[in-house]
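The chain below stands alone and is given in C-alpha coordinates; this is the form predicted on its own.
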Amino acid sequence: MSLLEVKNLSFGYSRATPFEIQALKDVSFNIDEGELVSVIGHTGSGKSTLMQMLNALLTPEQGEVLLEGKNIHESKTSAYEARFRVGLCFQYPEYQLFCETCAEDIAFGPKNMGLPPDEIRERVKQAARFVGLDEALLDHSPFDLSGGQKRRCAIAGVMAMRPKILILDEPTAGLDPAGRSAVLDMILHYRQETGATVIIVTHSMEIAAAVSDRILVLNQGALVFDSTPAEIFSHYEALVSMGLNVPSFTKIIYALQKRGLHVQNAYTAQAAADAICAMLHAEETSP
(Lines give C-alpha, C1' and ligand atoms only; values in the text may rest on other atoms or scores of the structure.)
Protein backbone atom coordinates (compact mmCIF):
# COMPACT_ATOMS: atom_id res chain seq x y z
CA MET A 1 0.00 0.00 0.00
CA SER A 2 1.31 3.44 -0.92
CA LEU A 3 1.64 6.12 1.74
CA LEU A 4 -0.61 8.46 -0.25
CA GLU A 5 -3.26 7.39 -2.75
CA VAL A 6 -5.11 9.99 -4.79
CA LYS A 7 -8.14 8.58 -6.58
CA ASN A 8 -10.12 10.36 -9.29
CA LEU A 9 -10.05 13.85 -7.76
CA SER A 10 -12.24 16.47 -9.40
CA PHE A 11 -12.95 20.00 -8.20
CA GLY A 12 -14.31 23.24 -9.59
CA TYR A 13 -14.70 26.84 -8.48
CA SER A 14 -17.73 29.15 -8.88
CA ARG A 15 -20.07 26.37 -9.92
CA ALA A 16 -23.25 27.40 -11.79
CA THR A 17 -21.89 30.89 -12.50
CA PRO A 18 -20.37 32.49 -15.62
CA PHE A 19 -17.00 32.27 -13.84
CA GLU A 20 -17.04 28.50 -13.34
CA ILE A 21 -13.60 26.87 -13.54
CA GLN A 22 -12.82 23.17 -13.59
CA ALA A 23 -9.65 23.15 -11.48
CA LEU A 24 -9.05 19.38 -11.35
CA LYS A 25 -10.28 16.64 -13.68
CA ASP A 26 -10.19 13.02 -12.52
CA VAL A 27 -6.63 13.16 -11.10
CA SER A 28 -5.16 9.89 -9.76
CA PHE A 29 -1.67 8.93 -8.55
CA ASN A 30 0.18 7.21 -5.68
CA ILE A 31 3.19 8.37 -3.67
CA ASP A 32 5.33 5.94 -1.68
CA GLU A 33 6.97 6.62 1.66
CA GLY A 34 10.26 8.51 1.37
CA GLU A 35 9.75 9.70 -2.21
CA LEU A 36 10.54 13.23 -3.35
CA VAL A 37 7.97 14.20 -5.96
CA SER A 38 7.80 17.48 -7.86
CA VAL A 39 4.54 18.84 -9.26
CA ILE A 40 4.88 21.12 -12.27
CA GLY A 41 2.43 22.89 -14.51
CA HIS A 42 1.56 26.26 -15.97
CA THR A 43 -0.17 28.86 -13.78
CA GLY A 44 -3.79 27.77 -13.40
CA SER A 45 -3.07 24.09 -14.04
CA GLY A 46 -4.50 23.04 -10.66
CA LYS A 47 -1.32 22.58 -8.61
CA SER A 48 -2.32 24.66 -5.59
CA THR A 49 -5.86 23.24 -5.56
CA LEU A 50 -4.43 19.73 -5.53
CA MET A 51 -2.03 20.51 -2.69
CA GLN A 52 -4.82 21.96 -0.55
CA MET A 53 -6.79 18.75 -1.05
CA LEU A 54 -3.84 16.65 0.08
CA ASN A 55 -3.82 18.74 3.28
CA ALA A 56 -7.64 18.54 3.66
CA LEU A 57 -8.07 22.31 3.32
CA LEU A 58 -10.30 21.68 0.31
CA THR A 59 -12.74 18.81 -0.07
CA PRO A 60 -12.97 17.17 -3.52
CA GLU A 61 -16.27 17.15 -5.36
CA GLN A 62 -15.42 13.66 -6.54
CA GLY A 63 -12.71 11.18 -5.59
CA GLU A 64 -10.75 10.65 -2.41
CA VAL A 65 -7.34 11.10 -0.78
CA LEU A 66 -6.12 8.12 1.23
CA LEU A 67 -3.28 8.60 3.73
CA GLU A 68 -2.04 5.19 4.88
CA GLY A 69 -5.31 3.77 3.60
CA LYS A 70 -7.61 6.23 5.43
CA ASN A 71 -9.74 8.80 3.64
CA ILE A 72 -8.64 12.17 5.05
CA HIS A 73 -11.95 13.79 4.05
CA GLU A 74 -14.07 11.16 5.76
CA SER A 75 -14.94 13.41 8.72
CA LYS A 76 -13.97 16.70 10.36
CA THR A 77 -11.79 14.76 12.77
CA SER A 78 -9.88 12.93 10.02
CA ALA A 79 -9.40 16.21 8.12
CA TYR A 80 -8.09 17.94 11.26
CA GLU A 81 -5.65 15.11 11.98
CA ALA A 82 -4.46 15.08 8.36
CA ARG A 83 -3.28 18.69 8.61
CA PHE A 84 -0.65 17.64 11.15
CA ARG A 85 0.41 14.57 9.15
CA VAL A 86 0.53 16.37 5.81
CA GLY A 87 2.39 19.61 6.43
CA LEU A 88 1.70 22.32 3.84
CA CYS A 89 4.01 25.29 3.46
CA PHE A 90 2.44 27.89 1.18
CA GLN A 91 4.28 30.08 -1.30
CA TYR A 92 5.99 33.02 0.47
CA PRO A 93 5.39 31.43 3.92
CA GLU A 94 7.23 34.31 5.59
CA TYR A 95 4.06 36.36 5.13
CA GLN A 96 2.27 33.97 7.49
CA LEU A 97 4.50 34.68 10.51
CA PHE A 98 2.56 36.34 13.31
CA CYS A 99 3.98 35.48 16.77
CA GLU A 100 6.18 37.68 18.95
CA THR A 101 9.22 35.39 18.68
CA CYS A 102 10.55 32.84 16.22
CA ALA A 103 10.29 30.12 18.86
CA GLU A 104 6.59 30.84 19.36
CA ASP A 105 5.95 30.75 15.63
CA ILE A 106 7.73 27.42 15.20
CA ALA A 107 5.93 26.05 18.26
CA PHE A 108 2.45 27.00 17.01
CA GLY A 109 1.78 23.69 15.23
CA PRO A 110 3.13 21.41 17.97
CA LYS A 111 1.08 23.33 20.58
CA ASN A 112 -2.08 22.71 18.56
CA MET A 113 -1.17 19.04 18.48
CA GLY A 114 -1.47 19.06 22.28
CA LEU A 115 2.16 18.08 22.91
CA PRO A 116 3.78 18.61 26.33
CA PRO A 117 6.02 21.70 26.78
CA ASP A 118 9.28 19.72 26.94
CA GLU A 119 8.59 17.99 23.62
CA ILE A 120 7.53 21.27 22.03
CA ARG A 121 10.83 22.91 23.04
CA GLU A 122 12.79 19.95 21.68
CA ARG A 123 10.90 20.07 18.39
CA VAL A 124 11.43 23.82 18.04
CA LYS A 125 15.19 23.45 18.46
CA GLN A 126 15.37 20.48 16.11
CA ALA A 127 13.34 22.23 13.40
CA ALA A 128 15.54 25.32 13.73
CA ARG A 129 18.60 23.12 13.20
CA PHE A 130 17.06 21.52 10.12
CA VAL A 131 16.55 24.90 8.46
CA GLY A 132 19.83 26.39 9.63
CA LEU A 133 18.24 29.03 11.86
CA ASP A 134 20.66 30.07 14.62
CA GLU A 135 19.28 29.12 18.04
CA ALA A 136 20.16 32.63 19.24
CA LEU A 137 17.47 33.97 16.90
CA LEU A 138 14.67 31.94 18.47
CA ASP A 139 13.97 34.64 21.06
CA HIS A 140 13.96 37.38 18.41
CA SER A 141 10.91 38.71 16.61
CA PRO A 142 10.54 37.03 13.21
CA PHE A 143 9.91 40.48 11.75
CA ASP A 144 13.49 41.48 12.62
CA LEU A 145 14.91 38.72 10.42
CA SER A 146 16.10 38.90 6.83
CA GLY A 147 13.83 37.59 4.09
CA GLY A 148 15.71 34.30 3.87
CA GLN A 149 15.67 33.83 7.64
CA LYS A 150 11.92 34.50 7.75
CA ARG A 151 11.34 31.78 5.18
CA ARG A 152 13.48 29.35 7.17
CA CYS A 153 11.48 30.16 10.30
CA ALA A 154 8.17 29.58 8.52
CA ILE A 155 9.29 26.27 7.03
CA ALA A 156 10.62 25.21 10.44
CA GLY A 157 7.11 25.73 11.83
CA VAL A 158 5.80 23.06 9.46
CA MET A 159 8.74 20.71 10.05
CA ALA A 160 8.22 20.95 13.83
CA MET A 161 4.96 19.03 13.44
CA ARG A 162 7.03 16.16 11.97
CA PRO A 163 4.54 15.44 9.20
CA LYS A 164 4.60 12.17 7.29
CA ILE A 165 4.43 14.27 4.12
CA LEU A 166 5.96 17.73 3.73
CA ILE A 167 4.47 19.82 0.90
CA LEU A 168 6.30 22.98 -0.18
CA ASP A 169 4.62 25.31 -2.66
CA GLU A 170 7.32 27.19 -4.63
CA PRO A 171 9.82 27.09 -1.72
CA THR A 172 12.47 29.03 -3.67
CA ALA A 173 10.20 31.74 -5.12
CA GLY A 174 11.74 35.20 -5.00
CA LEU A 175 15.14 34.03 -3.77
CA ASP A 176 18.50 34.72 -5.40
CA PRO A 177 20.59 31.75 -6.66
CA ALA A 178 22.43 31.40 -3.34
CA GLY A 179 19.14 31.49 -1.43
CA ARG A 180 17.55 28.92 -3.75
CA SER A 181 20.49 26.58 -3.29
CA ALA A 182 20.41 26.97 0.49
CA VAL A 183 16.67 26.20 0.70
CA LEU A 184 16.99 23.14 -1.53
CA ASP A 185 19.93 21.84 0.52
CA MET A 186 17.84 22.35 3.66
CA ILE A 187 14.91 20.36 2.22
CA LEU A 188 17.14 17.53 1.03
CA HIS A 189 18.89 17.38 4.43
CA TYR A 190 15.54 17.24 6.21
CA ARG A 191 14.39 14.40 3.99
CA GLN A 192 17.62 12.46 4.47
CA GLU A 193 17.55 12.85 8.26
CA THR A 194 13.85 12.09 8.79
CA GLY A 195 12.91 9.84 5.88
CA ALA A 196 9.90 12.09 5.26
CA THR A 197 8.05 12.09 1.97
CA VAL A 198 8.43 15.47 0.24
CA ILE A 199 6.28 17.08 -2.45
CA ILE A 200 7.61 20.24 -4.11
CA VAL A 201 5.41 22.44 -6.29
CA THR A 202 7.66 24.44 -8.59
CA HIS A 203 7.81 26.43 -11.80
CA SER A 204 11.55 25.73 -12.00
CA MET A 205 12.26 22.86 -14.34
CA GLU A 206 15.89 22.86 -13.20
CA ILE A 207 14.82 22.24 -9.59
CA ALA A 208 12.38 19.51 -10.61
CA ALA A 209 15.06 17.87 -12.74
CA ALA A 210 17.75 18.05 -10.07
CA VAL A 211 15.97 16.77 -6.96
CA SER A 212 12.98 14.63 -7.96
CA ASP A 213 12.46 10.90 -7.89
CA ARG A 214 9.28 11.49 -9.89
CA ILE A 215 7.54 14.41 -11.54
CA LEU A 216 3.81 14.97 -11.94
CA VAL A 217 2.78 17.29 -14.78
CA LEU A 218 -0.60 19.01 -14.58
CA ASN A 219 -2.21 20.77 -17.53
CA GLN A 220 -5.64 22.44 -17.40
CA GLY A 221 -6.57 20.43 -14.33
CA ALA A 222 -5.58 17.03 -15.72
CA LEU A 223 -2.57 14.87 -14.85
CA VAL A 224 -0.83 14.38 -18.20
CA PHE A 225 2.50 12.86 -17.13
CA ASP A 226 3.70 10.94 -14.06
CA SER A 227 7.19 9.51 -14.40
CA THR A 228 10.92 9.93 -13.76
CA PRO A 229 12.67 13.18 -14.73
CA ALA A 230 14.40 11.42 -17.63
CA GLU A 231 11.08 10.26 -19.06
CA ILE A 232 9.26 13.55 -18.39
CA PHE A 233 11.85 15.74 -20.11
CA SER A 234 12.03 13.46 -23.13
CA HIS A 235 8.60 14.93 -24.01
CA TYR A 236 10.16 18.25 -25.00
CA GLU A 237 7.60 19.42 -27.53
CA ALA A 238 4.60 18.39 -25.38
CA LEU A 239 5.96 20.33 -22.37
CA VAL A 240 6.65 23.42 -24.46
CA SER A 241 3.13 23.25 -25.92
CA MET A 242 1.80 23.43 -22.34
CA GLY A 243 3.73 26.64 -21.74
CA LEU A 244 6.42 24.99 -19.62
CA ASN A 245 10.04 26.06 -19.84
CA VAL A 246 12.12 22.87 -19.95
CA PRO A 247 15.64 22.74 -18.40
CA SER A 248 18.22 24.69 -20.40
CA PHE A 249 20.36 21.57 -20.86
CA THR A 250 17.39 19.75 -22.39
CA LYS A 251 16.96 22.64 -24.82
CA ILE A 252 20.59 22.28 -25.93
CA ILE A 253 20.25 18.54 -26.47
CA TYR A 254 16.99 19.04 -28.36
CA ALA A 255 18.60 21.65 -30.64
CA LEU A 256 21.43 19.22 -31.44
CA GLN A 257 18.96 16.45 -32.19
CA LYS A 258 17.01 18.74 -34.53
CA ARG A 259 20.25 19.25 -36.46
CA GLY A 260 20.44 15.52 -37.00
CA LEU A 261 23.08 14.73 -34.37
CA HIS A 262 22.72 11.44 -32.50
CA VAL A 263 22.88 12.58 -28.89
CA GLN A 264 21.05 11.03 -25.95
CA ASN A 265 18.39 12.96 -24.04
CA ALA A 266 19.63 14.78 -20.92
CA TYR A 267 18.18 17.17 -18.36
CA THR A 268 21.10 18.06 -16.05
CA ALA A 269 24.47 19.69 -16.74
CA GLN A 270 26.47 16.52 -16.09
CA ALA A 271 24.13 14.32 -18.12
CA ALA A 272 24.23 16.78 -21.04
CA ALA A 273 28.04 16.93 -20.93
CA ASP A 274 28.26 13.12 -20.85
CA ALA A 275 25.81 12.81 -23.75
CA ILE A 276 27.72 15.29 -25.90
CA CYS A 277 31.07 13.65 -25.10
CA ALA A 278 29.62 10.24 -25.97
CA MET A 279 28.33 11.60 -29.27
CA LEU A 280 31.71 13.13 -30.16
CA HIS A 281 33.52 9.93 -29.21
CA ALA A 282 31.17 7.88 -31.36
CA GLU A 283 31.77 10.15 -34.32
CA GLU A 284 35.55 9.98 -33.87
CA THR A 285 35.58 6.18 -33.74
CA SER A 286 33.05 5.55 -36.48
CA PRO A 287 34.50 4.22 -39.77
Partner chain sequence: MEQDTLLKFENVSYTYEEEEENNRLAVRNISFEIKKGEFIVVLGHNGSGKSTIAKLSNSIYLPTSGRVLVDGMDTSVEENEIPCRKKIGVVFQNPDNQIVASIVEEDVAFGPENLNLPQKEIRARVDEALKAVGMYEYRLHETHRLSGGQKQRVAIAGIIAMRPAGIVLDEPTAMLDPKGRADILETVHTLNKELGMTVVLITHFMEEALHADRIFVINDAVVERTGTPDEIFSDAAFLETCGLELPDTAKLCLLLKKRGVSLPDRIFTPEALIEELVRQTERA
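Numbering follows the first chain given and starts at 1. Remember, predicted model here, so these are calculated numbers, not experimental data.
Not pictured, yet referred to below: the form predicted together with the partner chain.
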| property | result |
| --- | --- |
| Candidate spot 25, 184 and 210, all three touching the partner chain in the predicted complex (heavy atom, 4.5 Å) | no |
| In the predicted complex, the residue from 192, 75, 91, 96 that sits within 4.5 Å of the partner chain by heavy atoms | 91 |
| Contacting member of 256, 67, 58, 31, with respect to the partner chain in the predicted complex [4.5 Å, heavy atom] | 256 |
| Residue 261, heavy atom within 4.5 angstroms of the partner chain in the predicted complex | yes |
| Partner proximity in the predicted complex: residue 114 to the partner chain, non-hydrogen atom cutoff 4.5 Å | no |
| Close approach of residue 227 to the partner chain in the predicted complex, 4.5 Å, heavy atom | no |
| Residue contact check: residue 132 to the partner chain in the predicted complex, 4.5 Å heavy atom | no |
| Location of the partner chain contact in the predicted complex, chosen stretch of 218 to 226, 31 to 39, 58 to 66, 237 to 245 [non-hydrogen atom, 4.5 Å] | 237 to 245 |
| In the predicted complex: members of 187 to 216 within 4.5 Å of the partner chain, any heavy atom | 203, 205, 206 |
